[in-house]
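One chain comes next, on its own, written as structure tokens: the form predicted on its own.
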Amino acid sequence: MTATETIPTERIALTLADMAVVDADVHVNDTPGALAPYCDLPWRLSLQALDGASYPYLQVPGFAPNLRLDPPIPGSHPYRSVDTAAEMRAELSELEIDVGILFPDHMLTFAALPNIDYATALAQAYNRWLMEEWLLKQPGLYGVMLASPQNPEAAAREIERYAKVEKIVGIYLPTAGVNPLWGHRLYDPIMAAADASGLPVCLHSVTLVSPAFPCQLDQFENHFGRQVLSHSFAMMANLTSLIHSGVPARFPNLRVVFTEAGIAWVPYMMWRMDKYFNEYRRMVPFLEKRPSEYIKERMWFATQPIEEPDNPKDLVATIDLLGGPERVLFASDWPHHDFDHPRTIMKLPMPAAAKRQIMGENALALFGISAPVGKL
């Protein structure tokens, strides 16, 4: 089914209560003090030393590195975090979200940490903390475990450790500032472990000023310019990296999710990669199919921040161009100030079946989650 098929009259009044709603991108407050009890020595002492200090959002030295270049502007959107599983469950229920897939906050900039031993211990601490303090405390909360790009062999062992844990449904690949990009063969142990586990890998970026490609954000005078490019450029570069080194061909069971970059960039990248695949295919002999075919078969794209064209039909057409509603996952980015309410997708001029796929059915199947009682 395409997203542009005729809307059945009897389904026009479809509501969130009529379907399973799965949020593919929800953020937890992973502070140094919270993770410290779960971290091995000697690095636990580092987290304890950072605990209690007042740092701006995503600017904790040695924990959430980020170079912020803008002066504070009074009246700007406040940053907000959720501290407990009970609070998260209550807030998601208020938004009529049945299932939340939990990502970190501060660990969004994890790839920029240079100390390999410290990064390894911190990733393991985060995964333990996520299980004990969030996933086991409330129903409808699932998580993606953190794979450390600094230590692919240790990350592969973490994947094997959590592969059969019911509440772990994916593998988070930190994308902001990752260097080299995720298609590099350095990360083959992570991709191989993910391929064997059946867990999808989930790339998630954030605006991070660092010397790493894909974009030199330090050249822009204000956060407007940096925010416009950061998320989508990071995903475009990493998607190209995955394809150009043959990751989908070399790991035939691997499934990939791209979060917090919107979706409108995807058709452009499909067309561009197919064009150069036809021209330079002898350089990528390991690709057995066009890049767009790998994308349409084994890649998914989360909606937030959803694009808002003047004509909503243009967004619906974009969904069809990237492979149809079956390739799209609803995401809110809760509790951040720029989150997308579930009603955002419900307002689009699409048939009920397409909305059901995007709002929950796709995620339930991809992440192997049972439908909530009374839904579907």
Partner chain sequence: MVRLGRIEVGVFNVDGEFYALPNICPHQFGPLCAGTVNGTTACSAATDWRFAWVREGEIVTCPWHGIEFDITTGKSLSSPRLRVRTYPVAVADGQVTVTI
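Positions refer to the first chain, counted from 1. The structure presented is a predicted model; accordingly, all values stated were derived computationally and were not measured.
As for the form predicted in complex with its partner chain, it is not shown, yet the points below apply to it.
Its partner chain is not shown here, and in the model of the complex it never comes within 4.5 Å of any heavy atom of Leu136. Put simply, Phe277 is close to its partner chain in the model of the complex: some heavy atom of it is within 4.5 Å. Its partner chain in the model of the complex comes within 4.5 Å of no heavy atom belonging to Arg161. Its partner chain in the model of the complex comes within 4.5 Å of a heavy atom belonging to Arg290. Note that among 74-82, 245-253, 298-306, 124-132, the stretch whose heavy atoms approach its partner chain to within 4.5 Å in the model of the complex is 245-253. Contact with its partner chain in the model of the complex, judged by any heavy atom within 4.5 Å, is made by just one of Pro285, Pro180, Pro114, Gly198: Pro285.
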